[in-house]
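In the block that follows, a single chain appears as structure tokens, in the form predicted on its own.
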């Protein structure tokens, strides 16, 4: 297909192109026939044709949770979408350790932290700590990584100083708290600080969290972004490709 040829897609429900979508929301009404009709009209106002309320459940006193199923007339032209993606070839644990050993000749030093006021370490612990995530062991379990997990609520200046003292090759910043886009502010501030101190060019900067993707990370000045579902092996593969070169 020619890259400029439109490719319109609609949501898929029972058959290709039927445009069926599911919308869920809560309204400040107790469950009733009136509430059901309010939910139907609410979905209709959002562009759903022939909406059908499939779920109406009380979720708190005076509040009802709805799920509505209906037809969307909208489509998306995927031929016009360009999004930066991580395209590094996944590597096995043995391949990661072997490439670090033969090409770098030493361990990759990685420093990680939840910065600013963020106290949520579940994500960064899943990537760095030995136990890992979803059966995928963390970077501490690799022979080729020297991992320093600084934990939560680490100020950018402290992270930069620690990375310098440890001779870090890479820094992983985890941000779970996103109110008022503080994750963006913290991330951009770290990049600015490292640049001002002359440390930026010597580091691979990684950004992770539930509201992070590769596009946002690049916009903020990081080298890569890792969102929900990222496994330790994904981060390990990226770092090896970046620091040890391609095959």
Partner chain sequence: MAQVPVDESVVSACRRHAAAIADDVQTYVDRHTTVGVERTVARALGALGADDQGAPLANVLVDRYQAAGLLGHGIALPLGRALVRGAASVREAAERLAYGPDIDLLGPGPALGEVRRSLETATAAALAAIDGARTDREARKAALPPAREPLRYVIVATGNIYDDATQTRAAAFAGADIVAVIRATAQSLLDYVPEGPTTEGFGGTFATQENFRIIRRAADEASREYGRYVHQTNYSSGLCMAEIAWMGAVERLDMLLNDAMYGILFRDINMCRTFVDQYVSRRIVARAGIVINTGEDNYLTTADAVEKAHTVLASQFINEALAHRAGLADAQIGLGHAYEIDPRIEDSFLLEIAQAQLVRQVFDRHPIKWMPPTKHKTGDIFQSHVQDALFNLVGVTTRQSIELLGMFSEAVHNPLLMDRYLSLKAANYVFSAARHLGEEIEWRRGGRVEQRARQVLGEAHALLGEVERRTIWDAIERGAFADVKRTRHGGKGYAGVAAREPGYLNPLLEALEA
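Throughout, rigid core stands for the largest set of C-alpha atoms superposing within 1.5 Å between the two forms. Residue numbers count along the first chain shown, from 1. This is a predicted model, so every value here is computed, not measured.
Absent from the display: the form predicted in complex with its partner chain. The rest refers to it.
Practice prompt. Please check if residue 12 has a heavy atom lying within 4.5 Å of any heavy atom of its partner chain in the predicted bound form.
Written response: Heavy-atom contact with its partner chain at 4.5 Å: absent for residue 12.
Worksheet entry | Contact flag, residue 61 vs its partner chain in the predicted bound form, heavy atom cut 4.5 Å | Judged by the heavy-atom cut-off of 4.5 Å, residue 61 is in contact with its partner chain in the predicted bound form.
Worksheet entry | in the predicted bound form, residue 153 touching its partner chain (heavy atom, 4.5 Å) | Answer yes; at least one heavy atom of residue 153 falls within 4.5 Å of its partner chain in the predicted bound form.
Worksheet item: Going by a heavy atom distance of 4.5 Å, is residue 37 a contact of its partner chain in the predicted bound form?
Response: Residue 37 lies outside the contact set for its partner chain.
Discussion item. Taking 4.5 angstroms as the heavy atom distance cut-off, pick the stretch from 121-129, 75-83, 105-113, 138-146 that is near its partner chain in the predicted bound form.
Written reply: Among the candidates, contact is made by 121-129.
Worksheet entry | One residue of 184, 200, 211, 46 in contact with its partner chain, assessed in the predicted bound form (non-hydrogen atom, 4.5 angstroms) | Of the candidates 184, 200, 211, 46, 211 is the one lying within 4.5 Å of its partner chain in the predicted bound form.
Discussion item. Do any residues of 9-27 have a non-hydrogen atom within 4.5 angstroms of its partner chain in the predicted bound form? If so, which ones, in sequence order?
Written reply: Going through 9-27 in order - heavy atoms within 4.5 Å of its partner chain in the predicted bound form - the hits are 22, 24, 25, 26.
Practice prompt. Align both forms on the core first, then report whether residue 235 has a C-alpha shift of 2 Å or more between this form and the one not shown.
Written response: Residue 235 C-alpha, core-superposed: shift of less than 2 Å.
Worksheet item: Does residue 181 show a Cα shift reaching 2 Å between this form and the one not shown after rigid-core superposition?
Response: Stays below the 2 Å threshold, so no.
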